[in-house]
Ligand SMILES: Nc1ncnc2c1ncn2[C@@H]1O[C@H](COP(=O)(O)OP(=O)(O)OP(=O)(O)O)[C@@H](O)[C@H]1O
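Below, in structure tokens: the form predicted alone, a single chain.
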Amino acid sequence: MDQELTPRQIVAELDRYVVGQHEAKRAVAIALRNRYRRRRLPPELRDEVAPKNILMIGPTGVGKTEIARRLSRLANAPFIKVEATKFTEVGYVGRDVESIIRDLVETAVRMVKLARMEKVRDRAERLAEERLLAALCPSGQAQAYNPFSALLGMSSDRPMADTDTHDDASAERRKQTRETLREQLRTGELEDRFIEIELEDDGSPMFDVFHASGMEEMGVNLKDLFSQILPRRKRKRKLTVAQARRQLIQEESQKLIDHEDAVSEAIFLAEQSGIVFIDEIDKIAAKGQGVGPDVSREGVQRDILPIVEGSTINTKYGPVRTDHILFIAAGAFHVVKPSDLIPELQGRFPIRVELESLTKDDFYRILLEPHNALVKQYAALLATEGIALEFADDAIRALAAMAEQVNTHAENIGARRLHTIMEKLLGDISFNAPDATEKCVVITEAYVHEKLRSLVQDQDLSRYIL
């Protein structure tokens, strides 16, 4: 949680996944720590302290989105990434900017419910086990006689004492059978057996027609309204025990949690800890006074402004205040400048950090150092085929130099260039891996040049392929 991490520790955690960009990491670390500081303030001052929103300026592929995403995971906070170009001014066909907050609240509700369901998982597993046993051994299967015969005045061939004895014996047999099945369930012996169980039906395809652009909230509200009026339908499904167990645990967990309390907690979490990452904000900035599309772009900025300033948005879970949500905006700003945004919106992003373009040294570190480095990913993938993939140090340096060269002469897409280069480099190895007889493959500098030199040197070709 954010209260347990100092800014220095936050930066250290971000360093595990993002190479360089120290200034950007410092800015988001301070913003995250300020939330902890604000919660420790007296109530009369707490609401007066607004988050210092951040504007990241830099080319694509240098780590802007990754920094924001990793930050939200460190804080265990609701996080949503949106692209400014998806939204339009009110009155135009397109997504309404208020849907940003609705999506954030949905994320928060999902987070809280999953956390609560995990807490009751043990109890849900026990309840699911009982339902599995009921499906495997129905209680009525071993009933020895028909009790309605006595009510109808039908004579019984057996004395009452014999009937009682038979019932006791049947109950004991059912109990023994049930315990045997319970043991087999726990040891996994019945995982592939098919059973028929009754599950709640959540599907409501009749409302999909409302999920058109700009009407997603209407569709959701109608679905919720009818689900409250009409009883929840149940349907029988034939599944394996393994499949049924997962479904039943999910269903029982849902029954064990307090949904209203979970929603209240989720709204509080979204309001106090939510993080919204608005990418491509430069695409809605108009350079100079324009007409046509420029008018719509400025309209989107004016629609975003009240949300960033602090307003109340109506969602299906209730009103949500945006005053203390942290907004991180990002853009390349190649064609326009941050000053081309409307002044009111500029003022709502007081912290500005410029991210640096990546060099060959950065590419070298990106290939090796991060926790999820590409070299580690490809080695792990091919290890599933029994192939040990190794990279010589000079090969990695050659790859880094090629990535920098292609980014310089073609479009600069940052670290994403490494993905295309690695796919081209390892294409033959990946294709032949299932049938390969050689189980140890070492990537050398010579191999890198053999596979990629012609593509890198031919600028026209590299623009299309790399």
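Please read these numbers as outputs of a predicted model, since none were measured by experiment. The numbering used is simple: start at 1 and walk along the sequence shown. Basically, rigid core = biggest C-alpha set you can superpose within 1.5 Å across the two forms.
Just so it is clear, the following notes concern the form predicted in complex with the ligand, a form of the same protein that is not shown.
In the predicted complex, the ligand sits within 4.5 Å of a heavy atom of Glu66.
Using a 4.5 angstroms limit between non-hydrogen atoms, Glu280 touches the ligand in the predicted complex. Taking the partner from the other structure, the ligand in the predicted complex has no heavy atom within 4.5 Å of any heavy atom of Arg37. Taking the partner from elsewhere, His419 is found to have a heavy atom lying within 4.5 Å of the ligand in the predicted complex. In the predicted complex, no residue of the candidate spot (Ala75, Pro78 and Ala108) has a heavy atom lying within 4.5 Å of the ligand. Segments offered: 409-417, 423-431, 436-444, 45-53. Contacting the ligand in the predicted complex at heavy atom distances within 4.5 Å is 409-417. Comment: the ligand is not present in this chain, but in the predicted complex one of Leu269, Leu185, Ala332, Leu136 has a heavy atom within 4.5 Å of it, namely Ala332. Ile366 is the sole member of Ile197, Leu345, Val320, Ile366 with a non-hydrogen atom lying within 4.5 angstroms of the ligand in the predicted complex. Shown without its partner, the chain has Tyr17, Val18, Val19, Gln21 in segment 16-30 as residues with a non-hydrogen atom within 4.5 angstroms of the ligand in the predicted complex. Remark: with the core as the superposition reference, the CA shift of Glu411 between the shown form and the other one reaches 2 Å or more. Fitting the two forms on the rigid core leaves the C-alpha of Leu55 displaced by under 2 angstroms between the shown form and the other one.
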